[in-house]
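Next up: just one chain, as structure tokens, the form predicted on its own.
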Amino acid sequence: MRIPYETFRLANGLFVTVSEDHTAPLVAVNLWYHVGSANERAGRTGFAHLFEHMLFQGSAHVGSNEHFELIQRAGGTLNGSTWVDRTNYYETIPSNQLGLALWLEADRMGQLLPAMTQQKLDTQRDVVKNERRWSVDNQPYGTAWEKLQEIGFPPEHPFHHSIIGSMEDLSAASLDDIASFFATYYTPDNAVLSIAGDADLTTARPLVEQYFGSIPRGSGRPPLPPMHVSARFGSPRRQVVPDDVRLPRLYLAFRTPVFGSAGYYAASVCGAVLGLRRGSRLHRTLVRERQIAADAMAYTSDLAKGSDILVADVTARPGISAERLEDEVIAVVEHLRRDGVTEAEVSRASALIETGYTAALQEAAERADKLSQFATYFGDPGLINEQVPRYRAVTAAQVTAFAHEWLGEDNRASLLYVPRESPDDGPPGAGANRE
């Protein structure tokens, strides 16, 4: 399956992709801004995520929360999300409402600041703090990604700190900070707009030009700090986290080639051989055969800068100690690294990846998101059609070579959650690093 697309760029720098598909009378609008937690300065962590919330609090011609109300009344759905190096906003709506979605996105891109108030900032700051309490601090294993960032990247690296931010930094955010952040990053020349579904270029382009064309381009965003890290950790890393959990859980992480690079595809297939669904090595060996684990999976984090992280995520069965869980997972990894993979395993893994990718692209929303992803990271939305051939080209020899080179002891970081035994173990999320 090949995804059709056409592109154009406005004079203000906004890059636009239109992918026509009249299967259903729906259209997805997806706007990526090339800004995430990596762009935050010290003392203002969580700012990109806080800003995602602020963008739904109204603009010059849209009331607070009216963006949600207008889209939902029109029969659509919408949301936004924040990651280390991008923030996105998206709607899926009946195709005759395309103009509404574009107008709403353009109004907040061009006219957000007049609607900013201290009350809105205070309200959304509290919302984000509560989100942190419920989804991170008080959620079993909820701090895992934060700690993987900490263990995977040095303190000075832009990926080291939390996406959702600390309570102290959220409290310190001011209205002037909001205005400065918006003026720096929420500009058309730092954004990619993708439209997928029941719309064509003839329909979409005039609307995009009408609503976005008058928004001035930015004055340039500051460059990110150096993103380079060594290809491997260099020595084993280990952090034990006593937490309010019932079962031990291990996140075994490895630095790997960045998303989209030549080496990424062998890493992704290797991750699938290790932990994609029930036929994978981790699940087959530890869940079904040895009955060590209740659940097991492995995946790449798909980071496009600095280094990607491959993670084996395994939860113990009741009665299995954390130490035994860790030893058993490492044994599976070592077996793969020592003996390599088979053609049958690679064929299975590639087929599962291809099936999942192709099935996802049947939805206009997912198609628009992938077009935005490839346009933002690589300047080429057409890479959406190159992923399946690249996975098909991966061989067992390449995956075996990857495993031998990248899954060794010098490139392993263990993040091990254990049930808290006593009050002396400290607060949730506490832990000790050991290298």
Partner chain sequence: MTAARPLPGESRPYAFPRFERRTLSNGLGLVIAPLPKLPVVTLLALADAGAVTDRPGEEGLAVLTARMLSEGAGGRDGTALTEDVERLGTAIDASADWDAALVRLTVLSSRLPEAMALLADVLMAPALPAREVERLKAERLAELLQLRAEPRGLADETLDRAVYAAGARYALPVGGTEHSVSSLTPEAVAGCYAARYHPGAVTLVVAGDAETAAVERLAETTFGTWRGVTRGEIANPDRRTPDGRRVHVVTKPGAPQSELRIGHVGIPRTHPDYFPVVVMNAILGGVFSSRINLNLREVHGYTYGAHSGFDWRRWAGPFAAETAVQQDVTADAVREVLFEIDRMRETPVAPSELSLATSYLDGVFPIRFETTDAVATALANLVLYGLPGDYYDSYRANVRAVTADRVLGAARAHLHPDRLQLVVVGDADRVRAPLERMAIGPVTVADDRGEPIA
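Predicted, not measured: the structure shown is a model, and the values here were computed from it. Positions refer to the first chain, counted from 1.
The same protein also has a form predicted in complex with the partner chain, omitted here; what follows describes it.
- The partner is absent here; in the model of the complex, the one residue of L383, L26, L55, A396 having a heavy atom within 4.5 Å of the partner chain is L26.
- With the partner omitted from this view, the residue of Q118, S230, Q291, T202 that lies near the partner chain in the model of the complex is Q291 [heavy atom within 4.5 Å].
- Although the partner is absent here, G99 sits close enough that one of its heavy atoms falls within 4.5 Å of the partner chain in the model of the complex.
- Although the partner is absent here, Y211 sits close enough that one of its heavy atoms falls within 4.5 Å of the partner chain in the model of the complex.
- For E326, no non-hydrogen atom is located within 4.5 Å of the partner chain in the model of the complex, even though that partner is not displayed.
- In the model of the complex, the partner chain stays beyond 4.5 Å of every heavy atom belonging to Y299.
- Only one listed stretch (56 to 64, 402 to 410, 36 to 44, 372 to 380) carries heavy atoms within 4.5 Å of the partner chain in the model of the complex, and that stretch is 56 to 64.
- Taking the partner chain as positioned in the model of the complex, the residues of 120 to 156 that bring a heavy atom within 4.5 Å of it are, in sequence order, T123, Q124, D126, V127, N130, E131, R133, W134, S135, D137, N138, Q139, P140, Y141.
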